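A single chain comes next, written as structure tokens; it is the form predicted alone.
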């Protein structure tokens, strides 16, 4: 399988403080790869470097062979990044918001096709024509995921994608992620929800204090540490419990 994403000895410093410490891992094309860890562990910083928002202090990151520092424009053309705190223009309807986003990619009939794809992905029914400021958090998240993936990026970068959602909405969002992965899109996602990652990720990297402390498939990691859940594995790895 082709490497969709490769990090080699990646570091990120803010002044004298190093937030990411020599991280290395790769993600295969078509894989759903999870970064798991507690809040402040460094997951979002890694995703922001991958998505070209933050500059890499040292080391290299390549996305389908394109270096994020030397070829940021080429990387941006093939990725989509959905941050945890993303929002939409609240005075627009869901449909109008998707049309606004589609304008950045294409026009005419192709734009209409792109918007229709977004509407189908969002699966909001008649509420697609309601204003965004009337949406629940789950509805908003569905709209934003549709925005992020309707252009068929080669790599979708999703940060804490189900954070704050209730059980039903979180389940539905996971189903959407499974669906796009089955269509061949590569996904890297962060989460502190170990159950969620166990359910949908092919492989996971456990992150603690800016380091990747363990990596493997959920099944491999549970077997290696003799634990029933990823949460138990994470506690064992991080705390030595």
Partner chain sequence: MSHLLNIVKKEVRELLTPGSVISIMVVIFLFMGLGGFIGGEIEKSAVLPVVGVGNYEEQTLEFDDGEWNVYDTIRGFYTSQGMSKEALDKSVIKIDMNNIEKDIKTYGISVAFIVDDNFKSNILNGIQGTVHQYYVYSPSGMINGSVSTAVADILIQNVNDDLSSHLMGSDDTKAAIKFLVNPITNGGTHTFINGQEYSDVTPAQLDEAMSSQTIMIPMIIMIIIMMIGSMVISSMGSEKENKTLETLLTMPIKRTTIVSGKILAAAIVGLVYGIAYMVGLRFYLNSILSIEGTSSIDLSKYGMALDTFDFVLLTLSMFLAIVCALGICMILGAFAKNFKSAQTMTLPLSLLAIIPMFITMFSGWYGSSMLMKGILFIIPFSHPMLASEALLNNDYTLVLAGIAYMMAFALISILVTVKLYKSDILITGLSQNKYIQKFRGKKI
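Residue numbers count along the first chain shown, from 1. Predicted model only: the values in this text are computed from it and were never measured.
The form predicted in complex with its partner chain is left out here; the points below concern that form.
Chemist: Does each of 77, 85 and 147 have at least one heavy atom within 4.5 Å of its partner chain in the model of the complex?
Modeler: Yes: each residue has a heavy atom within 4.5 Å of the partner.
Chemist: Hey, in the model of the complex, does residue 73 get a heavy atom within 4.5 angstroms of its partner chain?
Modeler: Output for residue 73 is yes: heavy atoms within 4.5 Å of its partner chain.
Chemist: My question is simply whether residue 48 lines the interface with its partner chain in the model of the complex - judged by any non-hydrogen atom within 4.5 Å.
Modeler: Residue 48 belongs to the contact set for its partner chain.
Chemist: Could you tell me if residue 54 has a non-hydrogen atom within 4.5 Å of its partner chain in the model of the complex?
Modeler: Output for residue 54 is yes: heavy atoms within 4.5 Å of its partner chain.
Chemist: Give a yes or no for residue 135: in the model of the complex, does one of its heavy atoms lie within 4.5 Å of a heavy atom belonging to its partner chain?
Modeler: Heavy-atom contact with its partner chain at 4.5 Å: absent for residue 135.
Chemist: Among 101, 165, 155, 121, which has at least one heavy atom within 4.5 Å of its partner chain in the model of the complex?
Modeler: Among 101, 165, 155, 121, a heavy atom within 4.5 Å of its partner chain in the model of the complex occurs only for 101.
Chemist: Pick from 226 to 234, 7 to 15, 20 to 28, 213 to 221: which stretch has a heavy atom within 4.5 Å of its partner chain in the model of the complex?
Modeler: It is 7 to 15 that comes within 4.5 Å of the partner.
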